[in-house]
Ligand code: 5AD
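Just one chain is shown here, as structure tokens, and it is the form predicted on its own.
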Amino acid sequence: MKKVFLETFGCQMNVSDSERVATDLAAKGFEITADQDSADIILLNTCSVREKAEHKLYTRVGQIRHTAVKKPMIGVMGCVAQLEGETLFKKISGVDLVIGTRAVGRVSDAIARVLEDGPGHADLGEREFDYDWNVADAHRHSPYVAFVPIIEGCNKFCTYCIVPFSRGRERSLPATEIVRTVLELRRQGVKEVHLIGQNVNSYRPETRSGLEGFAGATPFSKLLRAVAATDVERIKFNTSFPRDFHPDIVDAINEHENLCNWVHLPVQSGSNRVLKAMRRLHTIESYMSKIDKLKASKRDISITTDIIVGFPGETEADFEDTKHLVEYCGYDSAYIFRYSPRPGTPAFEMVDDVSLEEKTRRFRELEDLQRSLQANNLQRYHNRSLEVLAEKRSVKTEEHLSGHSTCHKVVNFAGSSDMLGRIVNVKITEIKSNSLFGVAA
């Protein structure tokens, strides 16, 4: 029996892919191990959204080759594999197989080929028509939280983004399949499902089967109501594309308690001029109207975002516009990135005219502003009780448990093992910089 060690970088879609690869390999007689040193095969599921993420792959392969007790087979999966293909065999010494983003259902076949013919096998082909999207309970990242892909790929082609090239065109899964998956997860005891995709609210299935009878202005808001009707305890979704974020999504959240009060809505810039250069397909005015709708909700919806600083041509005035937008929106948290050119994207051909020093200054200034706003926002939870899914023991002490609230805040609290997997009322007694601490009520 060959032992396989899986290491995953990047987004929830990559985590979900790795879970399904582990499920498939285990069903075919491989042993999935958490011990890298004992592994016969090491699979690295990669991310290429940022240049730094790509460099992680080169570093990791070198570490494995220099520290491995025995020489394992090394396979590269994910977005870097899809983009680089067979060139990885020349670029990185020691890579034995390459599996593209839509070929993850054929990992066992690729391993067999390498075992029989030696290193150098690459599969960048399309997904099988009958691909199995299910994940075995033993191979989920959490026994209580499950990722459910509803759409893969991207048709937006933002000028800085490599995802349409690494993940392909948008393809929405059938609503009946999604609902059936959620019902099965609920039966297995999963408390929280995350509907995931590069742009979840761009959901457009080829057939509306499974959505009949559900109100909604868009297929996605209909799907939210259909999934809510399963009575699974919690539903979250990520990531939303601003142009496709219809007000009816907020109406659905207001109607169904199990649709959680958290929305991740990446704005990327507060300047219309920069947004146009990014080809984001929304304006600041349209984005702010969506924020206004979210803030008017009775549910106290937590709003998070992504922002890029130092995009080609971004001026100081553009950056000031971004700061003003951040102040207006009052995000609960923001993922802030310094722009880095990605080969193959339209922005790579633009003049990267904002210096690294200036990008760093803007990054730190915006981070300081967001940190201040975030600290103020978190105060609203002080002395309030939040429903927290107890997911695991705290990394800092065995005496505390850690989990997420419905508004996706990390909450640590004193608790015993019998609370794991339960939704616990926690009174917040202390506000940390990026999390909350409380006492189980």
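Note that the coordinates shown come from a computational prediction; the quantities given were computed from them, not determined experimentally. Counting begins at 1, following the sequence as shown.
A second form of this protein, the form predicted in complex with the named molecule, is not displayed here; the remarks below concern that form.
- The stretch that touches the named molecule in the predicted complex, counting heavy atoms within 4.5 Å, is 260 to 268, out of 210 to 218, 260 to 268, 362 to 370, 315 to 323.
- Checked against the named molecule in the predicted complex, the candidates R106, R342, K222, R234 yield a single residue with a heavy atom inside 4.5 Å, and that residue is R342.
- Interface residue among C161, I150, I301, L83 relative to the named molecule in the predicted complex, by the heavy atom within 4.5 Å criterion: C161.
- The shortest heavy atom separation between R50 and the named molecule in the predicted complex is within 4.5 Å.
- Among residues of the shown chain, I308 is one whose heavy atoms approach the named molecule to within 4.5 Å in the predicted complex.
- In the predicted complex, Y328 stays away from the named molecule, with no heavy atom inside 4.5 Å.
- Although the partner is absent here, R338 sits close enough that one of its heavy atoms falls within 4.5 Å of the named molecule in the predicted complex.
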